[in-house]
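Included below are structure tokens for two forms of one protein chain, each presented in isolation as structure 1 and structure 2.
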Structure 1
Amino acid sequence: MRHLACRFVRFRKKADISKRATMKKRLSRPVTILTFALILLFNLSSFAQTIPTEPEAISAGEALFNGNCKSCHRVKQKLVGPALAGVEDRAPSVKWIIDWVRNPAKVIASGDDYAVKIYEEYNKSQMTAFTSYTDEQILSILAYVKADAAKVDQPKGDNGGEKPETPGVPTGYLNAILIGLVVILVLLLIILGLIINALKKYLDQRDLSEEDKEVVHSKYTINSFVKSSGFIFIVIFLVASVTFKNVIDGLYTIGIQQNYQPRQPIAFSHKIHAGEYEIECRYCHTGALKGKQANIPSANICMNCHSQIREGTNTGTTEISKIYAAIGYDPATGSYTGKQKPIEWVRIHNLPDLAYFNHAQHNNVGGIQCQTCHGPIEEMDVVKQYSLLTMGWCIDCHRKTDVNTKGNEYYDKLLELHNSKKSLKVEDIGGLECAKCHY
């Protein structure tokens, strides 16, 4: 009896174990399916984060790169940060690049080996976080970088072994033309003298009265010409005209500072920064897109680059050391001392207090480039006031500049009112109203 009871207990245990195994197997099916689905979803998301190749994406990426990345990065050259060509192959993944662009500090803090390596390689200089960028925007930047990296660089000045053509007339030709004109003028004077002598000989052979002979053989002197009433009148008229014109021009130039080019406390070269290194103007002059003033850049903006770049192209360490002194930075230790002093920049472009000008309105709405008013700033070692910046100069611009009316129903209605016009000028939308600039 005891034997039968033991066998029954064993049978029940086997049945329970079998039942639990069956239940576990059934329960594991949805877990396996869910796990597979998550893995598939992750793979699909990773597949979706591929670098696009469409021209539209490349064009959008170029605009973003030029506006935000170009101040620290180049595609094929190392600048403040590494060259970006081939970054998609060097980085762990495209998703890693997206996370890095959005929040590099977080990736470094996570202990990621590649992130820590970059951080240490560039002297613990941390990249700016672009938290507002979408995946599409970052991928479009990568698309532009990849497309630009694939281009074959043409050597500068290479024109099939020939010297590049320069526009305009060569200087040698101009000199030859001037010399030729001088020679022709001398020949004409010689010919004129020969003609006069020939006429005198001809008249001597004629039967002339004594009075006519006296006229023919009268001696012409410079003294007699200078004392003549006609010459005196011409001189007085020319002197009076030049004096009157200079007085009027002087009255018109009161308050005009065109070509004003003061010496600055730090020899900052726009030709190097905006020209050679192609740093966007608004990277330093941050207020141009936000408000009335373009703002003088703070020394902190300078330190974004010069915490790493410690020697200038033309001046070595002389001028950069002035930035360090102003902000209280010790380049030997890479730390801040706390001793600061302001940089006394000299303002170049001064409008009178009675005139209102808004940089953001002209940049964001009007789409006006900085060079329109400030001239070829990328070619200036020392900045000067390029334009007149007078009331007449502004009015002339408002009369000639077209308004971008695309996609704006309000402007479409205005064009209907101005049936005779194909496009609207700034003056047509109130650009010449006094209260627009004077208040």
Structure 2
Amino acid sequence: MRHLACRFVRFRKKADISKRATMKKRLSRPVTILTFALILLFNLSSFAQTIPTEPEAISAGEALFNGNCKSCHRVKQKLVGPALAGVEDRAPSVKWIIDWVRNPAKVIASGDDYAVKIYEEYNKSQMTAFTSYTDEQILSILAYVKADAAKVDQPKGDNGGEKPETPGVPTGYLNAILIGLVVILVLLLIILGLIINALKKYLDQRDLSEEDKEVVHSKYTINSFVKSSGFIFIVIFLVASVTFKNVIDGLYTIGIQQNYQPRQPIAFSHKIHAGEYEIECRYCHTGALKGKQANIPSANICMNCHSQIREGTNTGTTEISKIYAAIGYDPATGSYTGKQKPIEWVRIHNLPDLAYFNHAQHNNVGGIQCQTCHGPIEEMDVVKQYSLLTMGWCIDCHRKTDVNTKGNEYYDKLLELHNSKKSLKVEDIGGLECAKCHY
């Protein structure tokens, strides 16, 4: 009996052990899965916090940087904010940078030493918060910054890195022809003179009547030439036709101010701002994509940068201090005095009141570049009116230009109706109707 009991106990123990084993097995499975998942997550997150090096990430970062950061940051140059090159080594961590870009004010408020230090260093100017940016987007910006910082500066070309000038072929060609013609004319005159002299000598040797001799030796004086009726006729004709042409040209250009280039109260240069520093047009001309007027920026917009940038390379402090005078800012104390006096920019482009022109319609809906109508503004130190701005100019473009129909269902339907045509010109959507442009 004892024996039997013993065996039973042993059996139970055995059963217990195997049961526990399966229990253990059952339990361990989710635990291992969980650990694996944790490891994976950890890896993923640490992976997400490293700066990517793929070209796709770099180009995505470049677009984000140019669109959102460039107004204040350059890669290798201090602007409103610090040069971003090497920020991943200087800042506490990549995670810190991500938190900073999403909400700089929060990082500063948390009392973070590094954040407070740079905030003080940059005269407490607030960086914009990019709350909606994902980790990936911010990392791609860092990827671009890193790649761009690694680039060795290309030595600039002979013309100082400026765009090659348009070849001066036509005028150079004309000048060469003109000089050639003059040379030929002079040669002809010399040859003629020589021939006349030779002829005179030959005739002198002949026996000629007195009358004939007089003819041979008579000199054409300038006086007799000027008094000749042929000469008088030609002069009158030339003067009359030049005056006539000028009067006609003048009549056609009444009200046209092409190339109008007034002096502005502050020597503001688009070449420096929009060209060299590549500040986007709409950063200052805020209405250009949204409304009828493109708007001239207020002095507040200038102050986004010029509360820091107090001297220009070309004009020193003279021009920039006019901004301070206008907005009532004392750069010495960094405070506002409250005495303001608006900057009186001279308006350059000006349509008569009878015509209606809308920027958003052309820039945003039509997708036309500012330069198409305003010319290479980013190369102008002083803005001038580039286009004619006549009715003919508007109409001409409306006849030639395709409507930007891409991705627009309304136009897709319209194109179906007009299925004879591949593209829609502005004139097809009513761009030549008087009432569209005239009130």
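For clarity, a rigid core is taken as the largest C-alpha set superposing within 1.5 Å between two forms. Bear in mind that the values here come from a model prediction, so they are computed numbers and not experimental data. Reference numbering: structure 1, starting with residue 1.
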Block containing the form predicted together with heme C is structure 2
Determine whether the C-alpha of residue 348 shifts by 2 Å or more between structure 1 and structure 2 once the rigid core is superposed.
-> no
Once everything's superposed on the core, is residue 59 shifted 2 Å or more at the Cα between structure 1 and structure 2?
-> yes
Threshold 2 Å Cα movement between structure 1 and structure 2 for residue 367, core superposed | no
Core-fitted comparison between structure 1 and structure 2 - CA shift at residue 232, Å | 6.5
